[in-house]
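Okay, here we've got a single chain as structure tokens, the form predicted alone, with questions on binding and movement later.
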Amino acid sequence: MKVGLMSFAHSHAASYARVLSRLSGVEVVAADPDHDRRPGETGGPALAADLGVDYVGDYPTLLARNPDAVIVCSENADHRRLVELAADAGVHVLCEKPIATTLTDADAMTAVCAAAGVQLMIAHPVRFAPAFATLRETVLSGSLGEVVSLVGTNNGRIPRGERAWFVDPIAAGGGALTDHLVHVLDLLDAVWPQARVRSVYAIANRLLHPESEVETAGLAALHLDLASTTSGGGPADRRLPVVIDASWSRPASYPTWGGLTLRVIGTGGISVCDPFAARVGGQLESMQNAAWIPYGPDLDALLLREFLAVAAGERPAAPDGVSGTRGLAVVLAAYESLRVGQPAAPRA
């Protein structure tokens, strides 16, 4: 199978290239023609050479190589353009999250892929973590009793330096809320796919990074409507309160990953998903800092194996474009809540 990497802008692009290069029967070709507009960041033919993958100068040339699938790793605001190019070429797509920066773009991406008969999958690796699979099974078995509330976190350090576009309000579409809410929202969607967020109240600030153009810490309180589902215990006419801390609140020396958790509280118990808990901690004298040595599964590898199965026609994409659009609608409602100072309703 031939897989194309469209852009090296996203920090996961290099990881994807390494994982795919290790897989038997997978050929990788990359294009990153816009790397010059990201000064100070690695990319282009130099990064492709470091990763040991084939490189072409532009996206039409990449698509002319007839890949079976592509992974879109551009800045968020450029997702639509690249997904449409891939769909027009009849190629299955894995797109980085969030799906887009506007609902108009997200709708167009889903529509063009459906019309072209290609799969559109959104890159949410934590959905495939064994720790999350355990939590989902526990919830759906009913062993927690009636689920009464949910608490999610997604904390990390502000993405500066190598990937500074994450703090560009145009290229990224927002700040910490854009970057971090969607991960937890996707986990909720995986447990309760028929449920819908009906209201969002959000607060945010830039206290830790006042020089930033975007919010760097945020908290969102949601009502998750279970009216259309009976999964997870309890009656089907309840609204679950959900609180999500989505912040770039870790110091610069902290690992990028590790702050994503989901806690499900029920009348019969509590279940916690902490996908990055499998690590060796301690203190590193050499770095004068805490040690963080992970030994758990490679979630990018689990995500890519699933996507390759989707591209091979073994099963439909999940999460798909519709799911990704639902998450984006909640994020945009959070920004509307910030604007008006009141709860806001995501687009139905």
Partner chain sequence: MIGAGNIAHEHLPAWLALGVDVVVYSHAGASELVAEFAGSTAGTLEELLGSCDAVDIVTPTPSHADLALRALEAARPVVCEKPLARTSTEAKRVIEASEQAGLPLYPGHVVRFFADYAAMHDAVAAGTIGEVAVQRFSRTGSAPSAGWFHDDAQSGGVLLDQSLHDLDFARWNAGEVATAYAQESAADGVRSVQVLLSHVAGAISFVHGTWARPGTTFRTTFDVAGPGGVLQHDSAQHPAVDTDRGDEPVAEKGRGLLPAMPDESPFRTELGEFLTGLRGGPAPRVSARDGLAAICIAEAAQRSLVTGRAEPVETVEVLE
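Only a predicted model underlies this, so the values are computations on that prediction, with no experimental measurement involved. Residue numbers count along the first chain shown, from 1.
Same protein, other form: the form predicted in complex with the partner chain, not shown, and the subject of what follows.
205 is the sole member of 134, 102, 212, 205 with a non-hydrogen atom within 4.5 Å of the partner chain in the predicted bound form. A heavy atom within 4.5 Å of the partner chain in the predicted bound form is found for one listed residue only; from 160, 198, 250, 81, this is 250. Proximity to the partner chain in the predicted bound form, taken as heavy atoms within 4.5 Å, picks out 214-222 from the listed stretches 112-120, 93-101, 214-222, 163-171.
The candidate site formed by 151, 241 and 270 is fully in contact with the partner chain in the predicted bound form, as each residue has a non-hydrogen atom within 4.5 angstroms of it. Shown alone here, residue 186 lies farther than 4.5 Å from the partner chain in the predicted bound form, counting heavy atoms only. Taking the partner from elsewhere, residue 125 is found to have every heavy atom lying beyond 4.5 Å of the partner chain in the predicted bound form. With a 4.5 Å cutoff on heavy atoms, residue 155 counts as touching the partner chain in the predicted bound form. Interface residue remark: residue 266 is counted as part of the site for the partner chain in the predicted bound form, having a heavy atom within 4.5 Å.
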